[in-house]
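In structure tokens, one chain follows: the form predicted alone.
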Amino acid sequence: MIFHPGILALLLGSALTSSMLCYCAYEGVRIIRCWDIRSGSERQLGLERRTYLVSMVMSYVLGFQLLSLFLFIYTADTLSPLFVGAMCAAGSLNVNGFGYPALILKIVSCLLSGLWLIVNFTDNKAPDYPLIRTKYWLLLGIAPFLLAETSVQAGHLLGLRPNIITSCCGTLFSIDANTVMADFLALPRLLSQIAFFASIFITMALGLSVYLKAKGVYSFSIASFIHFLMSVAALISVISIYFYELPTHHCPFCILHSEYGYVGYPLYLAILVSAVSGLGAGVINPFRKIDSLHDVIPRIQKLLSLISILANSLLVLIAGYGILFSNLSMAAY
């Protein structure tokens, strides 16, 4: 099974990016210790050349992290026919104890990677690189998550064995299951639906305030994080059932299939982009007092708020279409 193209791509890609990450972390420690933009010494010139290299390498590394989340889910979905009882990625991830922890770590890594790329982009816009130490301290904080994700993912993929009996998504995402998810699914559907659309409205309104008036950045960032959690919850409890047209089917992975128009991929992307752009606007806000970033950061925050608004608009269009044009009527439920 290790020769499956998706598994090979994930294992080799993760091994390569982990190696590059360790190198960048090593260089990051040297830059943190020795960086002095006022110095014209040979060592400083060497560090300046290295920081260009490290920034470029990390952009590729973290860019791969963002893409690998979708590759991981897609690979898990394509492997499902090999396991007895699996209907989609939900069953494949449940084959051993590493599947769902790997997925959670990948989501966390994607969010952290996106934030680092935003901080790095902001720092590169200033001539004196005022965030050089900040972004490398952030890199050292992100590195353990990425290395842990690589290890757990390898444990899951290398531990896969064909014809293992696993649980289907109908069992894992069921109200009758004895899990925390079952307690969540037991919440009133209308309440979950209202909370989801309310979080979108609030986030978009705060994003519009940042875009037009450059005000309420922290509120926008906090709302984006809450909206991210609400969106994931709503995808499982509310949105998915309208695409399946079955009130008991809450799987977040079956909507990746062709019979549902692969609608899960743009949904996932919209949720992720909205979270990263909203959180990123708040992460860089404390640095507005730096002279070289005083005019740069508001422009970046304006761009991030626009990206968030567009991502949430896409989310509303897809979710709204699924709810409004579904043949499922929830009046009887």
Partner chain sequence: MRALEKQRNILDFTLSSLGRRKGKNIALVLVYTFVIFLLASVLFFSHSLKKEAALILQDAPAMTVQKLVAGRQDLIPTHYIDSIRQIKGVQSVAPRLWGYYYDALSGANYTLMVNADLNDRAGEIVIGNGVSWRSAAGKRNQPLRKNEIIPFKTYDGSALSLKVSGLLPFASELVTADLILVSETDFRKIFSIATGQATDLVLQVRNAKELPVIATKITQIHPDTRPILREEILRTYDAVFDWRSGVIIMVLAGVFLAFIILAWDKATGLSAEEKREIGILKATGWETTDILLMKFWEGAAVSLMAFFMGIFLAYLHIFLASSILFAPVLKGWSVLYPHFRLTPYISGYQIATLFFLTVIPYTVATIVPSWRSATIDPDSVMRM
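Numbering follows the first chain given and starts at 1. The shown structure was predicted, so the numbers you read here are calculated from the model rather than taken from an experiment.
Not pictured, yet referred to below: the form predicted in complex with the partner chain.
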query	finding
Selected contact from L191, L71, L158, A214, since only one has a non-hydrogen atom within 4.5 angstroms of the partner chain in the model of the complex	L71
Contact assignment for the partner chain in the model of the complex, among L306, C34, M56, I290, heavy atom within 4.5 Å	M56
The partner chain in the model of the complex reached by all of L138, S237 and Y268, non-hydrogen atom within 4.5 Å	no
One stretch from 196 to 204, 76 to 84, 142 to 150, 214 to 222 that, in the model of the complex, holds residues within 4.5 Å of the partner chain by heavy atom	76 to 84
Partner contact for H294 in the model of the complex: the partner chain, 4.5 angstroms, heavy atom	no
Residue contact check: M20 to the partner chain in the model of the complex, 4.5 Å heavy atom	yes
The partner chain contact in the model of the complex: L12, any heavy atom under 4.5 Å	yes
L16, heavy atom within 4.5 angstroms of the partner chain in the model of the complex	yes
Within 49 to 71, the residues that have a heavy atom no more than 4.5 Å from the partner chain in the model of the complex	R49, R50, Y52, L53, M56, V57, Y60, F64, L67, S68, L71
